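Just one chain follows, in the form predicted on its own, and it is written as structure tokens.
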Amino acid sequence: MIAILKNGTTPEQKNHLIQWLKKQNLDVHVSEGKQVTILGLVGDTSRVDMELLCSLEIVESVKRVSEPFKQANRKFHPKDTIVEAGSARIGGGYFAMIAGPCSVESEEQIVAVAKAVKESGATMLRGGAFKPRTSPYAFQGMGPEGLRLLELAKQETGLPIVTEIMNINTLELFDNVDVIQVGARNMQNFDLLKELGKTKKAILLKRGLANTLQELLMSAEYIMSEGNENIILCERGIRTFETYTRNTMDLSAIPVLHELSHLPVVADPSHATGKSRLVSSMACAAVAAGADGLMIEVHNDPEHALCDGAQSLTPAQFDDVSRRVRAIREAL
């Protein structure tokens, strides 16, 4: 349920109403705009007397929110959320270029890639220390050592780091990580989501391989329900009957998510296509569709990468993509 307050409502009147609502065991989320203030009510709103609430002098209107996601809903929070991660911002007009290798392989590799992508305009560095792999025999990442090397690359370049968590038990290792990524396979790991909600870290939440947009937003709701509103949604392609590409990139998800939610949305054309030669086109298409950022895999030697080399760009190719993206954003 949302209550829209009349223009001219004083802070004292607003606070008095909020306290009254809280006494009815409701969580109240306040969204302040230039012309209007919206109170988002979360909890058992069936007990709220809508007629009484509507009759209050300071209340313009009251509406029930039919969607199951509440705090992630744009109706609760009309203005775009801006997520801050270190020196980077995303959402509300701020655009993020997140780039780096699928997995951290060595100090030389991650530092070299970090320097190259920063020079080409990247605002965040991605790199996997813990890797979820379909095969138990594939490279699983360097673990804590990989996190240490990411921190070294951050010290060298100043780029905030984005890396994936796989298990609640490793959360304490992510103290120096700026953005914790929840991968597609963990999108509905609800225990993990609730724990991440108790932190203040920015969370990059990837859509699952076969999940609807509502399910993605409900996963974001799990995090937000615990108090963490610093969430970035990520469209990374879904599984369809098409086998030519690794996944099918759902470009329509970008404007739909912006319509439904105030959270920033990024696109991952690397995992969506699985082929480096297709990344540039899909990255540009995602920007044209309104993405708040891109997440692109870059490796200094893709042919010998220990993970996902086929979809990784070289630093030179990433530089070309960055220039094309800037041109599209300027045109828009």
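Worth saying up front: this structure is predicted, and the values here are computed from it rather than measured. Numbering starts at 1 and runs along the sequence shown. We call the rigid core whatever largest set of C-alpha positions still superposes within 1.5 Å between the two forms.
Separately, the form predicted together with a further copy of the same chain exists; it is not shown, and the next lines address it.
Next on the checklist: Using a 4.5 Å heavy atom cut-off, which residue among 225, 109, 81, 123 comes into contact with a further copy of the same chain in the model of the complex?
Outcome noted: By the 4.5 Å heavy-atom cutoff, the listed residue in contact is 225.
Item to check | Candidate from 199, 73, 186, 157 lying within 4.5 Å of a further copy of the same chain in the model of the complex - any heavy atom | outcome: Looking at the other structure, the residue within range turns out to be 186.
Checklist entry - a further copy of the same chain isn't shown here, but in the model of the complex, which of 144 to 152, 168 to 176, 115 to 123, 89 to 97 has heavy atoms within 4.5 Å of it? => result Looking at the other structure, the answer is 168 to 176.
Checklist entry - Can any non-hydrogen atom of residue 300 be found within 4.5 angstroms of a further copy of the same chain in the model of the complex? => result Heavy-atom contact with a further copy of the same chain at 4.5 Å: absent for residue 300.
Checklist entry - Does a further copy of the same chain come within 4.5 Å of any heavy atom of residue 26 in the model of the complex? => result Residue 26 lies outside the contact set for a further copy of the same chain.
Next on the checklist: Given that a further copy of the same chain is not shown alongside this chain, does residue 229 nevertheless sit within 4.5 Å of it in the model of the complex, heavy atom to heavy atom?
Outcome noted: No - in the model of the complex, heavy atoms of residue 229 and a further copy of the same chain never come within 4.5 Å of each other.
Next on the checklist: Please tell me whether any heavy atom belonging to residue 16 falls inside 4.5 Å of a heavy atom of a further copy of the same chain, as the geometry stands in the model of the complex.
Outcome noted: Result yes; residue 16 sits at the interface with a further copy of the same chain in the model of the complex.
Checklist entry - If we check a further copy of the same chain in the model of the complex, which of the residues in 199 to 219 reach within 4.5 angstroms of it by a non-hydrogen atom? => result Heavy-atom contacts to a further copy of the same chain in the model of the complex: 207, 209, 210, 211, 212, 213, 215, 218.
Checklist entry - Is the C-alpha displacement of residue 54 equal to or greater than 2 Å between the shown form and the other one once the rigid core has been superposed? => result Yes, the C-alpha position differs by at least 2 Å between the shown form and the other one.
Checklist entry - Quick one: once the rigid core is lined up, does residue 6 have its C-alpha move by 2 Å or more between the shown form and the other one? => result Yes; residue 6 is a residue whose C-alpha shifts (by 2 Å or more) between the shown form and the other one when the cores are overlaid.
Checklist entry - Once you compare with this form, do the C-alpha atoms of residue 225 and residue 41 lie closer or farther in the model of the complex, given a change of 3 Å or more? => result The answer is farther, because the C-alphas of residue 225 and residue 41 separate from each other in the model of the complex by 3 Å or more.
Next on the checklist: Distance change of 3 Å or more between the C-alpha atoms of residue 46 and residue 69 in the model of the complex: closer or farther compared with this structure?
Outcome noted: Their C-alpha distance shrinks by at least 3 Å in the model of the complex.
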